[in-house]
Every structure is written in structure tokens, then in C-alpha cells.
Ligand SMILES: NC(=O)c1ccc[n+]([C@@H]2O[C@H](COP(=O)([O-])OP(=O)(O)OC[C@H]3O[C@@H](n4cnc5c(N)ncnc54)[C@H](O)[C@@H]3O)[C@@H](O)[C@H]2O)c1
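Here's a solo chain for you in C-alpha cells, the form predicted alone.
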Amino acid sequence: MERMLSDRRVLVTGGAGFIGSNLIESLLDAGNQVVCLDNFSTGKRENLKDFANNPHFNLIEGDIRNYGDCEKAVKNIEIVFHQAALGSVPRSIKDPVSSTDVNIGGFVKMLFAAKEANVKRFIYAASSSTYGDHPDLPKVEENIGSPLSPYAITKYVDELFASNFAKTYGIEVIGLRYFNVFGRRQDPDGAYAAVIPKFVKMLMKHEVPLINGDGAISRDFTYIDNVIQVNHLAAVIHNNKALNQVYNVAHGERTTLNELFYFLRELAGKFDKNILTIEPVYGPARVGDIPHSLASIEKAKNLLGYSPELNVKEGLEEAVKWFWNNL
């Protein structure tokens, strides 16, 4: 990967999570000093086990809702990668209070603590859910609709706070609107598990996956290495026009849930031919889901130099290999 951040002291919030732990791994490999802040409400300790004895890694077990923990975590930090959040649209519909408390309250505490500690740059995980009911495809950063879930509202409010802090306090901020990220270390279990690891695990067990709706809804599935690349680019960019912006992070291709299932069945079938006979079943569509998602990545290409490495089929092949060997 070109233009990787190196030799800096950085904080990754939510570092025990799927994206956070992959980001920590890449930052350590590139020679950075990395602090991780996590309360393990959704993150897993096993995601950090490979870093535990690394002298350049420090774990702070704490909560972004506790301002004292935020202050402790940002001490002597140059760049913050804020990944901590309560994800999942269904979770936010069931419990909007907790999603708001973490995703807005925790975000503002973390952002203010970073400002107070003179952190140079604050890079944060935004979300494609912010586009809401805006009908246009592909999704362009400047055109958003009305949010369709409490989760989407929280992620949009974070963007507003980040923009305000940049103007009010002068901290450099960059928001990264992730589009359906998948890959190694992604959790297949729990009520709010992401579709790809969940489907793979079910196929491995010869269980029948449930597709919400008719399978025609589409997503811009984005492999984890593409996300890691753009986080590094956001950290090293010096072009002032690139700062205090929000970017789509995706590959720029649509895949329906039906197509996704058959891709996964084909790939998992290479390990177990019995999987090739499994067919999905269909259930009600999920409340709050965006019907279609496809990103324009031109802004990230032009201002950050983003160039996705793996398309969805290439990424799925890597992901299925990892899941097969680790689930």
C-alpha cells in the first residue's frame, strides 16, 4: 500500500472491533505507536490477542461515554481514528437511546477531548446510512435525504458536529462514509451480525440462510483492505482541500443480496461440495433499510488518491478463506 502513515502516535477507538482491529494491525505493521480504547461491549478481546505483547501497542479499557476515559486515551496522541460506535440499523430501532448515547454523546466527548489535547487530526467512521431516502444512484457526498433509522440520524449528527468543530476550534477532521464493509475478523454471531459472515457460517453448518425481502435490494459491499487504505490516506494527506470533508468509502459496484448469496455459495462450495445444493429462504424486508446503495468514489479518488484494491468478488474470495479457517 502506498502512502501509509508511519512513525506517529495514534489512537484507535473501538479497536477491538472488526474494522478497528484490522486498522490497528496495519498501523502497527507500518511502525506507529498505537493506543486502543474499547469497552468490549461489541468488540472482542480475541481480535487484539496478536498485538498484546507488541511494545508499540497499549490497550485502555474504557468507554467513550466517560469523558475521563477519553482524556486518558488522547494524551500525547497525534491522530485519532474514531471507529467506536453502536452499529446496526435494527439495533438502533430497538434501542434508540443507547445508539444515541454512544454514537452522538460518545462522539462529541471524544472529539472535544481530542481538541483539548491538541490532537492534529480526527478521522472518523461515518456511514452510508446517512443518504437515507435520497433516490439518486450513485450516492454523491453532497446529496443526502432524510435518514431512515435512529442509527442513520446519529451518524449524520456526527458529521455536523465534526464540521462545526473544524470551523470553531480548527481541528482537522475527515469523515469516511463506509459502505457495507466485510472481511477478516467480522463477527458472524449475534442478533445484529453482518450478512456476509452470517451467511458463510450458516453455509458451513449446512444451514439455510434467510434473506430479508425478495433479495433484490443491493449494496456496495466493500472489502476491509480498501477501508484500511483510505484511513491511511486520510491520515497522511496534506492538501487543505481534502481536509474537513466527508468521503464515500466503497468499491463503486452494486451487488444484490441474491447475487451475494450465490457468490458465497460458490466460494464456500470449493471447500465443501454439499454446500452447492443449499438454497436460501425469504422473509419480510427489514424496517429502516435503504433499498439500494451504490457509491460514487470520485471525490475520494481525486482528493485522497483512493484506489480500491479488491472488487467484491475478489474480496469475498479472501473473506471466505479466512472464515473457513477461523470460524
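The first residue of the shown sequence is 1; numbering continues from there. What you see is a predicted model, and the numbers here were worked out from it, not measured in a lab.
Another form, the form predicted in complex with this ligand, is not on view; read the next lines as being about it.
Novice: Check Ser41 for me: does it contact this ligand in the predicted bound form (non-hydrogen atoms, 4.5 angstroms)?
Specialist: Ser41: yes, in contact with this ligand in the predicted bound form.
Novice: In the predicted bound form, does Leu23 come within 4.5 Å of this ligand, counting heavy atoms only?
Specialist: No, Leu23 sits far enough from this ligand in the predicted bound form that none of its heavy atoms falls within 4.5 Å.
Novice: Please check if Asn180 has a heavy atom lying within 4.5 Å of any heavy atom of this ligand in the predicted bound form.
Specialist: Result yes; Asn180 sits at the interface with this ligand in the predicted bound form.
Novice: So in the predicted bound form, is this ligand close enough to Ile64 to count as touching (4.5 Å, heavy atoms)?
Specialist: Result yes; Ile64 sits at the interface with this ligand in the predicted bound form.
Novice: Name the residue from Ala162, Ile77, Ala85, Ile153 that puts a heavy atom within 4.5 Å of this ligand in the predicted bound form.
Specialist: Comparing distances to this ligand in the predicted bound form, the residue within 4.5 Å is Ala85.
Novice: Check each of Ile174, Ala73, Val119, Ala126 and return the one that places a heavy atom within 4.5 angstroms of this ligand in the predicted bound form.
Specialist: Answer to the contact question: Ala126.
Novice: Residues Gly14, Gly17 and Val102 are flagged as a possible site; in the predicted bound form, is every one of them within 4.5 Å of this ligand by some non-hydrogen atom?
Specialist: Spot residues vs this ligand: full contact, yes.
Novice: Among 260-268, 51-59, 32-40, 294-302, mark the stretch whose residues have heavy atoms within 4.5 Å of this ligand in the predicted bound form.
Specialist: Every other range fails; the passing one is 32-40.
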